[in-house]
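In the form predicted on its own, a lone chain appears below as structure tokens.
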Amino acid sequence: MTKLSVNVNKIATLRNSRGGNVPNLLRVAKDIELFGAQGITVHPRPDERHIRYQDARDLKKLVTTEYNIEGNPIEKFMDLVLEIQPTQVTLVPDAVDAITSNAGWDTIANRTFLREVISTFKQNDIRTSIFVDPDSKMVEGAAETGTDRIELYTESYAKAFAQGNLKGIDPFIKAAQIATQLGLGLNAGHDLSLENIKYFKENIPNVLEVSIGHALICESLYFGLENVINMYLNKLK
């Protein structure tokens, strides 16, 4: 079964919009685990506009499933990850002012940099994953960095699926096959939803983990958080 890691950035965004501590991020994360999710993901950005660095520290004390921290490996981010020692760090090439992740790494141009960063994390027994587009060359480049996994950036698949274009899955199938041949573990994330997750899973059965935040929280407004998590788990079986 593909594991579901819930990105709780949107919970922090809602809390920050009003000030105070409602909703309580830590309580929500704990409930998400109790409802059956197999992981918690956070993506702290330098301006801390949603997840704060202290949130990431506080979550470490209570997350009992997999704990995944995403971000651009600037010095401040690397120091945070090394301090917290999460299950996994996912490297994302975000610009400082990015609203959300919008591209995978150029693993060829950044090979030396990524290799050094990944080596540092692996020396501290932290599993590494690189955010990549479904491009064969980028997957091959990722394998040369020493990373444990890649996370396929699924926005193009989600857009194609919404337009009724099922061929949008094809580059992801090819990328997944190459990743498997090269011994890379496979994660996926970005714009995955209850609508498109089942087809993705059926065509790429070896996905180890999906990270879902925005869609899952939006869907929970209608169906309830516990119901939505179980709906995802059923589709990921």
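Note that the structure is predicted; figures quoted are calculated from it, not measured. The first residue of the shown sequence is 1; numbering continues from there.
Just so you know, the form predicted together with a small molecule exists too; it's not on screen, but the next bit is about it.
- None of 56-64, 206-214, 171-179, 30-38 except one has non-hydrogen atoms within 4.5 angstroms of the small molecule in the predicted complex; the exception is 206-214.
- At least one heavy atom of residue 7 is located within 4.5 Å of the small molecule in the predicted complex.
- Contact annotation for residue 191: at least one heavy atom lies within 4.5 Å of the small molecule in the predicted complex.
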